[in-house]
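Quick setup: one chain, the form predicted alone, written in structure tokens, and binding and motion questions come after.
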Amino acid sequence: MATGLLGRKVGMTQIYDQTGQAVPVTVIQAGPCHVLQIKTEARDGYEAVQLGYLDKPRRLASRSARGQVAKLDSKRQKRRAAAGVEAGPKPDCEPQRFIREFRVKPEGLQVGQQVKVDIFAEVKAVDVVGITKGRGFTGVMKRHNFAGQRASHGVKKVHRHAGSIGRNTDPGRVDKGTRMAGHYGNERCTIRNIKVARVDVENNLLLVHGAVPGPNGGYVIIRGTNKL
């Protein structure tokens, strides 16, 4: 597999395996993705493939986003052409909503090519990267699974509090990393080595075992795992 894929989480359902057991799966709309740019060691200092997912109307796209996928006549481009700097190839597609890079060798890929879910046809497991659901400012019981205070006599209106956070005169401060209430969720999360249950090439769907981080409709990154 040369690269990964971008997509969106559709939701969860269940399917039946060959033994008749019900298996919970997450349905991901994976691709098709456009190859927007191929970065090389000589030109950019590293090798990578830049993919884009989900077309954006040109009227909603910024000029820089339009210039990434199609050639635009600008003063800067004319100056670079006059100086002998060759412009890179353009994919000549619509601006993309979700763009990410994969640090892989761009073997067999060209700018403008479409990458589809069939690249996972022979893959047994993948890594899925997403943004977890944001839960706002939460307390320690929800955020860190604290037990809270005792519900007995003498404990007055502090049943969900964290308790003491300090120590003694030495060191006379709160340790770094002490678990407290705060912003919970909305973080990048990677679920590794998820088994691929089914690949639907016709509908660009990828079914993986278990849950995937993020809400329904959230963007995800799928790549082959190295945990096998």
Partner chain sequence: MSRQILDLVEKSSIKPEQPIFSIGDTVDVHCRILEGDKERIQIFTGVVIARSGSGSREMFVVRRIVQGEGVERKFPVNSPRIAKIDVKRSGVVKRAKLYYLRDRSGKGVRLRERRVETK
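Residue numbers count along the first chain shown, from 1. Because the structure is a prediction, the values reported are computed rather than measured.
If you look for the form predicted in complex with its partner chain, you will not find it shown, but the lines that follow are about it.
- Stretch-level contact analysis of 166 to 174, 41 to 49, 54 to 62, 199 to 207 against its partner chain in the predicted complex, using heavy atoms and a 4.5 Å limit, identifies 199 to 207.
- Among heavy atoms of Q68, none comes within 4.5 Å of its partner chain in the predicted complex.
- For the chain shown alone, M12 is a contact residue for its partner chain in the predicted complex, at least one non-hydrogen atom being within 4.5 angstroms.
- Although the partner is absent here, V27 is a contact residue: one of its heavy atoms lies within 4.5 angstroms of its partner chain in the predicted complex.
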